[in-house]
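Just the one chain here, laid out as structure tokens, in the form predicted alone.
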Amino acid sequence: MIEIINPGWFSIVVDSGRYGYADVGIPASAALDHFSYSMANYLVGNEMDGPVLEVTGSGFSLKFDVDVTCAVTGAEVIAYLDDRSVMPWRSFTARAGNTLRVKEVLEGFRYYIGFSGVMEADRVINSFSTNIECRFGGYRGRPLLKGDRIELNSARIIGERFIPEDVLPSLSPPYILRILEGPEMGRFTEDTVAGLIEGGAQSWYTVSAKVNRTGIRLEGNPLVFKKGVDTTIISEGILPGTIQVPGDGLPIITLYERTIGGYARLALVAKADHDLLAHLKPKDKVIFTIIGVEEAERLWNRKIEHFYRALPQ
């Protein structure tokens, strides 16, 4: 069992997601950084789609009452097991009575904590992920609170594992997001679209304080609609990474808690950059670069290669 001492800003149970139900309004609610999530499972010897903790913010801590292998991935953090420093992206052994504490987040925003064995969480519609709005899945359908206790089934100690440094993501802002043209890009002025190209007058935005698992609101120069065009659309399905633009012209990047939207879809973040979205925090700078479908496919294939390079041959 683990006991939450301090849940940080926001901590939930997540897994690879709840897919196939968007037609009835149920979002994926998946781990936002899929690479870090998967590696947390690998490092502790679990199936790659097992449940882990997704934590936002510093100050997180928990206590073990069982011997277990543990790992921390994702954002660069300073962490300790009692008084001993813990290296991210490398598994370590925790003994009953030990306390894991994340003192500070240096780069990035969210990090993942995996445990050997399986957390006893609510599996709803084939997923352990927490759906905050509907309050199901994960731990009682809500964020973790001080004093929460989660059983670890089949907890065990495995040999040390690590992820090679050359495949670890760079989490230093400004963040460059490669984007593809969206269905309503033609509704914006040529100057607005040109400004999205890296180096243009409107090429960077700042992440606002309104950022959560549903979406990331950006601040900066408003995008301008052409005169006479509709600034909204008939609500329809949207994908994670869709950049929607409401009437105020400030973009919103959709994440994994929405299945439908009615704002104009300016662009779509290339799938290769989706993991970066987990780490955009207030005041970070974001730069957009427009690419084509072939380049997006190349970037995704390269990301898949990095994924498998992280695993032993």
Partner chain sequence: MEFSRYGEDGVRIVFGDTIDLEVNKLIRKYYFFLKALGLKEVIDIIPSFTSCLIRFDRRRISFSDFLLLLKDKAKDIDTVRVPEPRSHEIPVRYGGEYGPDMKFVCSYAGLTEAEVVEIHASTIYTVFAVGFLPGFPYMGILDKRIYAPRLETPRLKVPEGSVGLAQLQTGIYPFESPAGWRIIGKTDVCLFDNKKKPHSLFRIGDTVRFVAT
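Numbering follows the first chain given and starts at 1. Computed from a predicted model, the values in this text were never measured in an experiment.
From this point on, the text means the form predicted in complex with its partner chain, which you will not see here.
In the model of the complex, its partner chain sits beyond 4.5 Å of every heavy atom of residue 9. Among heavy atoms of residue 209, none comes within 4.5 Å of its partner chain in the model of the complex. A residue is said to contact a partner when one of its heavy atoms sits within 4.5 Å of a partner heavy atom; residue 98 fails this definition for its partner chain in the model of the complex, lying far away. Looking at residue 180, you'd find a heavy atom of it within 4.5 angstroms of its partner chain in the model of the complex. With the partner removed from view, the residue among 133, 82, 107, 151 that has a non-hydrogen atom within 4.5 Å of its partner chain in the model of the complex turns out to be 133. Of the residues 176, 229, 239, 87, just one reaches its partner chain in the model of the complex with a heavy atom at 4.5 Å or closer; this is 239. Only one of 265-273, 245-253, 52-60, 65-73 places residue heavy atoms within 4.5 angstroms of its partner chain in the model of the complex, namely 265-273. Contact annotation for 15-29: residues with any non-hydrogen atom within 4.5 angstroms of its partner chain in the model of the complex are 19, 20, 21, 22, 23, 24, 25, 26, 27, listed in sequence order.
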